[in-house]
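The chain below stands alone and is given in structure tokens; this is the form predicted on its own.
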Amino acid sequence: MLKVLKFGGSSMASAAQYEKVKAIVEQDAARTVVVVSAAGKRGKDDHKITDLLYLCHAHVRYGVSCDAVFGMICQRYLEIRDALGLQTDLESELAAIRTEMENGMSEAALASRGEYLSARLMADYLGFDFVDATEWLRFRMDGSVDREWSYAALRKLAAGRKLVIPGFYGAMADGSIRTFTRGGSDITGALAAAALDADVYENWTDVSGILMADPRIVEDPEPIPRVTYSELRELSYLGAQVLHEDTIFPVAEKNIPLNIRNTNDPSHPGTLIMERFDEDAGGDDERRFITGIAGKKDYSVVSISKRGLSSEVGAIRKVFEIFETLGLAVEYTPNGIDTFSLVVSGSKLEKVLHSAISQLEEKLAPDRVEVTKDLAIVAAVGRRMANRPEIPGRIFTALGREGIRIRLISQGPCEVNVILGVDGKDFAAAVRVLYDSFVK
């Protein structure tokens, strides 16, 4: 059994958090590979170390002293080291970083030092071997990860060892440091888990799993106990605050279970993500068929009406070509016999609206083109909704009872979601109604 663990910035923010991490790692002998982020905020008014490093680079670039900012970075890591009683020679590391900064250190290299310092301290604290990300994570010239090379390198480095690895960065073929976008430590963790064919990838953060609805809309929503990768993709696309797709793909591709856990509440099972579940194995509330509720605002619907449209060969292709030329991604396509509708970003449509209508009229000669603005999309997602004909009816009844008008509806043949369009002003109310109807 092998478990790869990734700890986010909140888990690395202070000596007290390091102590929690150590307790989690030592609780399970299978937890032998640990990926860490830079120190995050200790409170609302605190600073993330990565933000401070980017600020240092900007100061140096424009010839402004960064002594105060760099001092904050040094103080944070030295406080963690001293509070834990470690012997890591941070003074030499920090002095080397400062010298490199003055000699033109790249922004990526400087930004990566937060994870580097976190990993050096954590390796010392756990008694694990430190392995720099530059030793195994290789980027191609186009910025993609050379997974074949990287996986082979990490397998060789990890053989028979317990490792701590910094997240967020790797190296180009020439040895120069390159970083992922923000949240890149999640990607590093997933790549490490995939490279080592881990039995489980545990992503430790400051929440007890993925929530069933946006906590800014629904008060204290429950966490999702189990979710498939396909459901997670649906929820993410529809605006739910979940892991980015890039952080999921490496483990999803190998069907490695991903467990979202809370460093501050390690006894909570969190959210388990897998390719599929045996529903007979239990683990979810049998009364519930909704995995999560998500949605986004700022949509517009372009509806094209023309007698005989359904039998006009190539008409739909022409519409998509027009929207492609204008740079408009089509989100959904509800339609009728002689009406074809496209749901697109409202803000993006507004910039090219006149051109879109003009081209549609020129190439299709429609009877009518209508644009409905300020639409919100709300979706109920759940693998267990399939073959449950009562679910859409319950949704319509619940929304109708609250006077929320449904402007469009879409459900694919896989029945993993029911997508609804409502007026923008009804967005939050619709989310709350669905949550109350299917979860409470």
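Residue numbers run from 1 along the displayed sequence. Being a predicted model, the structure only gives us computed values, none of them experimental.
Beyond the structure shown, there is the form predicted together with ligand ASP, which is absent from this document and is the topic of what follows.
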Quick one: of 183, 336, 71, 269, which gets a non-hydrogen atom within 4.5 angstroms of ligand ASP in the predicted bound form?
183
Counting only non-hydrogen atoms and a 4.5 angstroms cut-off, does residue 168 reach ligand ASP in the predicted bound form?
yes
In contact with ligand ASP in the predicted bound form (heavy atoms, 4.5 Å), from 372-380, 402-410, 55-63, 32-40, is stretch 32-40
For the stretch 90-121, return the residues whose heavy atoms include at least one within 4.5 Å of ligand ASP in the predicted bound form, in the order they occur.
115
